[in-house]
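Given as structure tokens, the chain that follows is alone and in the form predicted alone.
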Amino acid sequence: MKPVLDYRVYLVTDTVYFNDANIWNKMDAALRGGVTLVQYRDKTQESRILYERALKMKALCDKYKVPMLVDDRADIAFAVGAAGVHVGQSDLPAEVARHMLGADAIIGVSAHNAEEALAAEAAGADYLGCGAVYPTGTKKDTSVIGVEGLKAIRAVTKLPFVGIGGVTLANYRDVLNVGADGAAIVSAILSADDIESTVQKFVQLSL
């Protein structure tokens, strides 16, 4: 049976954080604080390292009963038993990811505008990742759509979606207020001085 996900505080990893020996302690603190969903994203590593890290991430997520998705790599998602995969516009098509992972997998798709949102919905996506909402340092080649862009996407689809890109404690409620089901967050959590407390604040704001 396909899981029902809670998208409110959706932690996404980034390659740079795996250079930090404390990354697993940071992930544990984030999960302890109450993140509701995790995406393992690690863009530059070879497949064996991706597999080994994804296994470790999956075990940590399982400890806290939080679903884990894998960015882009449906093969890695399948290999570690992840809940599903998130694909971008230049990654595997959603239909192919669905064929590889099966009917019960969660397939997320990046959408930057209403047209891409509608195409993802038609392709069988379970949710959308929409942005960049604000300027972000983790993806330098993306354009900013703002909360108005999120409004335009909400107007054309009933799919769950999260805002991604530059989301912080200061603007998180603005993302929710235009109809997003949550936010995908990288730096505002993983660069925080007190990760557990920061996640708890995001959770409180989501209520």
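For every residue, the number given is its place in the sequence shown, counted from 1. Since the structure is predicted, the reported quantities are computational estimates derived from the model, not experimental observations.
One more form of this protein exists, namely the form predicted together with a further copy of the same chain; it is left out here, but the text below deals with it.
Visitor: Determine which one of 157-165, 22-30, 46-54, 173-181 lies within 4.5 Å of a further copy of the same chain in the predicted bound form, judging by heavy atom distances; exactly one does.
Guide: Only one stretch qualifies here: 46-54.
Visitor: Spell out, yes or no, whether the shortest heavy atom distance between residue 121 and a further copy of the same chain in the predicted bound form is within 4.5 Å.
Guide: No, residue 121 sits far enough from a further copy of the same chain in the predicted bound form that none of its heavy atoms falls within 4.5 Å.
Visitor: Consider residue 126 of the chain shown here, and say whether it contacts a further copy of the same chain in the predicted bound form, taking contact as heavy atoms within 4.5 Å.
Guide: Flag for residue 126 set to no.
Visitor: Evaluate residue 135 for contact with a further copy of the same chain in the predicted bound form, applying a 4.5 angstroms cut-off between non-hydrogen atoms, and reply yes or no.
Guide: Flag for residue 135 set to no.
Visitor: Using heavy atoms and a 4.5 Å limit, would one call residue 89 a contact residue for a further copy of the same chain in the predicted bound form?
Guide: Yes.
Visitor: Can you tell me which bits of 92-124 touch a further copy of the same chain in the predicted bound form, meaning any heavy atom within 4.5 Å?
Guide: 92, 93, 96, 99, 100 sit within 4.5 Å of the partner.
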